[in-house]
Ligand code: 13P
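Next up: just one chain, as structure tokens, the form predicted on its own.
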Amino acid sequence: MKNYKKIIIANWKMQLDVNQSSKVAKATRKLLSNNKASRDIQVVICPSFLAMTEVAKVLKGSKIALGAQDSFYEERGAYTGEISVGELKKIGCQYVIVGHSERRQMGEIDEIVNKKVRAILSQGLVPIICVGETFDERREGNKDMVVMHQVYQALHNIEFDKKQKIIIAYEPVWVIGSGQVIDSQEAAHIASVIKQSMIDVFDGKDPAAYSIIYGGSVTPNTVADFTKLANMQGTLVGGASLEAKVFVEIIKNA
């Protein structure tokens, strides 16, 4: 998998049906086709599970990668409603989001995130591990500790191959969907906390194959505030990725 300077990921959540997903994917591909600025940027689109096969057809042959919004940690078995990493890989998926705050609010605990990361890495895919504090945790002054704990729990006891890649997405829970963004210097601080946490979990070794990105209501006007930071390599985009023109503007401005 090619190394890119930056990575911009679209998380469409449960916002678009299959036909809408196909149309937005086609429009995004068309708008990016002649955009020289995006050549050093890995663009990833994460549609809903039902739309993944159609979006995969649209993206085939392009430089846009297919991602999933979640996965399960077992490959086969009596797990009603779950999707395995192997199944995702077969349809061309390369990236998988895990530990998103919305999943955590539905009961996903750190132990499950860790199991999912293992499964994703075992199939050669890239986990996008979401970490971030709630408003109450922030108000209580526990932001750094929460992020450090989530990074450690997601990655501890995992044998990390330097050929593998990991993405850590910092998403302050209290800004998601609000239209707010945090101060870029605060993001820079958290990126440093995440980087140190990565070094700690890997026993003092600084793994080369990881990226830190920001997720939290970015727009074309604010994306560069984060991608210009020394330890930030991109963004995880929610609502602003649902319109191809807006999403491509984010990519251009990154």
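Please read all numbers here as calculations on a predicted model, not as lab measurements. Residue numbers here begin at 1 and follow the sequence given.
Keep in mind that the form predicted in complex with the named molecule is missing from the display, and what follows is about it.
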Can you tell me if L236 lies within 4.5 angstroms of the named molecule in the model of the complex, counting non-hydrogen atoms only? yes
Residue-level question: is N11 within 4.5 Å of the named molecule in the model of the complex, judged on heavy atoms? yes
May I ask you to check whether E102 falls inside a 4.5 Å heavy atom distance of the named molecule in the model of the complex? yes
Proximity of G67 to the named molecule in the model of the complex, heavy atoms at 4.5 Å: no
Heavy atoms within 4.5 Å of the named molecule in the model of the complex: which stretch among 51-59, 192-200, 215-223, 26-34? 215-223
